Structures are given as C-alpha cells and as structure tokens.
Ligand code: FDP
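Just the one chain here, laid out as structure tokens, in the form predicted on its own.
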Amino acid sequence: MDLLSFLESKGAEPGLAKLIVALGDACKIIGGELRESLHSKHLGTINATGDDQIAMDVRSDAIIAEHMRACPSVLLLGGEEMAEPEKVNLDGRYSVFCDPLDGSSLADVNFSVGTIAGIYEGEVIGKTGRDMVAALYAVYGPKTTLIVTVKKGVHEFMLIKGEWTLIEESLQVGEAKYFACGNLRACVERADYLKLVENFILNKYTLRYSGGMVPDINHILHKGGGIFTYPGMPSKPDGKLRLLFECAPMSLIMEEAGGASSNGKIPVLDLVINNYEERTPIFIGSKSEVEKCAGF
C-alpha cells in the first residue's frame, strides 16, 4: 500500500495526510542527494542551536522548507538549522518541527543518518508532546525507510522504485538487552550514570551505539527492545538533544510502539514546551529499561 492510501485508511485528516506525504517526498530527495553528492563536507559554521554544520545540513533544511511552503496545511515550520520558526500559511492548520538531518556529523564516514519530524495542530508553546498529531523519521542507510505514526500504531515504509511502500505494520517494542549510551563523558560528573552503564555491562547487555539518534532508535524498534540514553550532567543539566526536533517525536513513536521515554523524572511527552530551543535529557526504549534508568 502506498503512503497516502495507508494514512487515509488510518483516518488521517486529508490535510495531515498530504503534509506527511510532502515530508516523505522531501526525504526521498535528501536520501538521494546524500548518496550522490559531496555535501557531507563541513562548512566551518554552526547552526542556530550551536552545532557544527555540513553542507548537507543546509541543503536538507532547504529541501524540507521548499516542500512545506508548498503545502497549504502548514501553519508554522521550525527546524534545527533555522534561527526561529517560519510562518508559512496564515490559513494553515499544522506546525511542523523538524531535524532535517539528524546525525549529520556521521555522514562523512558513511554511517546511517536520518530526518525527524513532529507535527502539531496550531501553535506549540504551552503544549506537550502528547498534543502531537503525528511523528515520523526517515533512515538513510543501505535502504531508505520511513517510520510513521498518526497515533494509531507505528508503521514502516521502504523506498522501492521511487515510491514509499508499506513493508511492516504495527511495529512493537518488547524487552531486549541492547544499550546505546550517549554522553558517556557524563560518567565523570555523575556517579549514578556510571553505575547505570556498569549495570548494563555486568548484566551482559549488547552495545549498539552509532552516535546517531535515528539509527539507534531504529535498532530498538526492529530488534524488539533495548534502551537509548542521553542524560544531562551538572555542567550541562538539560543535555544536548532538543525536545521539539528530536526527543518528543521519537518519544511519541516509541510510546505508540509499546515502549516508553523519560527525562529521568517524568515521561518526555509530559514536558511542557516553553520555548522552541528547549533541550531535555532522555531515556527511551523498552518500558522496563526506562524504569531502570529513572531508578538509577
């Protein structure tokens, strides 16, 4: 089944369904250009949130923006590479917040990278991640795939002969002993995080950490479970990852697949959005593993 037909079958409002298809079309182009261009070179510049940029960061942002500006249902567009959200259509219904190329620093060594997006109805300040109406991420690896939720399960599409084709419906996260521990330097400042990592090692968990959120979360979804961690620490209490662009969309997908996420105290989806650049620690994956992390 193609993407639009599937979204309609899940009851997605027509404007929302077409918006997701537009994002999917943008991801097709991003994936193609990653494979066929030299845009993985570093520019020597930083984006609005302080990260080093490669040329493909800027190009991916432009591709997403072009597709969203052509979509009548888009009200507001926010992106990791943008200084502030852009008002797209005054009559639009949805706000889209996107990390156009998550893990872009891995592109020059040919690791998998991805695109993440969360979609809200109307403005987002004062709301929580539970107000999202949809979320998705694309993986640009040996194959190009798209993981989508419209809050009726989590479903996977694969780019086959230029079209998104449904290959797996209702992905589920159970329990599995995989761990992907980000920000290990926090162990120097936090004895509790060091003990958590030691617990994983001593209990014979298998390490699966690429340095990219998209491939690591994708691994958890496809291998039946596991845990991805990125804590804060005294010198950087809110961690590195952005609530709107990364953590909230991934948390919605994970919960829809039967998993969980937490900032160490409360579910990430319960965090109130106070500003567009907000960051949060995150522990995301199998329910029991998220509970273990919060306990430590």
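Residue numbers run from 1 along the displayed sequence. Just so we're clear, the structure is a prediction, and the values are computed from it rather than from any experiment.
Beyond the structure shown, there is the form predicted in complex with this ligand, which is absent from this document and is the topic of what follows.
Although the partner is absent here, residue 271 sits far enough away that none of its heavy atoms falls within 4.5 Å of this ligand in the model of the complex.
Mapping the unseen interface onto this chain, residue 85 falls outside it, with no heavy atom inside 4.5 Å of this ligand in the model of the complex. Residue contact check for residue 211: one or more of its heavy atoms lie within 4.5 Å of this ligand in the model of the complex. Proximity of residue 199 to this ligand in the model of the complex: non-hydrogen atoms within 4.5 Å are absent; the residue sits far from the partner. For the residues 105, 165, 89, 128, the 4.5 Å heavy atom test against this ligand in the model of the complex is passed only by 105.
For the marked spot (185, 228 and 246), a heavy atom within 4.5 Å of this ligand in the model of the complex is present in each of the three residues.
With the partner left out here, this ligand still marks one of 22-30, 262-270, 237-245, 61-69 in the model of the complex; by a 4.5 Å heavy atom cut-off that stretch is 237-245.
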